[in-house]
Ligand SMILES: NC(=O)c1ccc[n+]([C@@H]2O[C@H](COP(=O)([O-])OP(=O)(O)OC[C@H]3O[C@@H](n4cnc5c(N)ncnc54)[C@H](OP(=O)(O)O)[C@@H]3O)[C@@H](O)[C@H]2O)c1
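Just the one chain here, the form predicted alone, laid out as structure tokens.
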């Protein structure tokens, strides 16, 4: 069996709730079926929608049996193949996606949910690429962002927002990112014009843009439509937080057609990451056993970029985060 083990640790939960309901449990490893491979997970990402599903706030899969599993993004190494699985040999380094269950030492998935990991994409980046990257790319594609655009993106320092902003800039657009003061330098380093949240934001956006705003993406979920109207953004070129939710749910769907579409988006996301069209800031890296702490970190809404779990971290010693120092000094 895989690495001569007959079980692996997997994150599960038995009832709706916050991060405290998550438990790391040993579960039997079963051989991959036809067209499937087993991947030893090296890194795996967490996202807000994982928490919404777990808490019951997102009801799409409320009929799923218990216990339930967590996580959709992962990167790792193929360790076993089922009959008919020929794309990835044992030892292949891959990036993949599942609807749930990526927060584990091993995951068994269809080959169709995997793409190769280029050496230029680090394990830390690879583990959190799928949901944030595919959501960002799909949004920018739908808005047909190009060199003539001025795009406003709210929560532009977050996991999805930062990738959207960088892809839009890569396509030649002028990008304005709304954020708190502490994220100004981060966005400037990405070539994004930062604008502070709060009263008078429309005037600050106009001043930063210097010309009409043509598109807007609301990742923040508060008064986005009103702001877009005030800025004169056409309805067809506005995407709300509810639109983002629908995009993410579609990317988590385990229907074969949805899986295939998600993998196509992931392939393009990986190509863009390899070419440095965008970078992912990993602002929190936790061992798998600290999954509840990682979600609590994400829930504070202070993390830039992505929070990632590692199954085989070199050390579990924690270091003080720069953002925590900033918050403590305020």
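Predicted model, so just to flag it, every value in this text is computed and none were measured. Residue numbers count along the first chain shown, from 1.
Not pictured, yet referred to below: the form predicted in complex with the named molecule.
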Heavy atoms within 4.5 Å of the named molecule in the model of the complex: does residue 245 have any? yes
Should residue 180 be counted as a contact of the named molecule in the model of the complex, where contact means heavy atoms within 4.5 Å? yes
Are any of the heavy atoms in residue 305 no more than 4.5 Å from a heavy atom of the named molecule in the model of the complex? yes
is_contact(residue 158, the named molecule) in the model of the complex, heavy atom dist at most 4.5 Å: yes
Which of 96 to 104, 225 to 233, 158 to 166, 142 to 150 lies within 4.5 Å of the named molecule in the model of the complex, heavy atoms considered? The stretch 158 to 166
Which residue, 298, 29, 265, 42, is the contact with the named molecule in the model of the complex, using a 4.5 Å heavy atom cutoff? 298
With the partner absent here, would 125, 286 and 311 each sit within 4.5 Å of the named molecule in the model of the complex, counting heavy atoms only? no
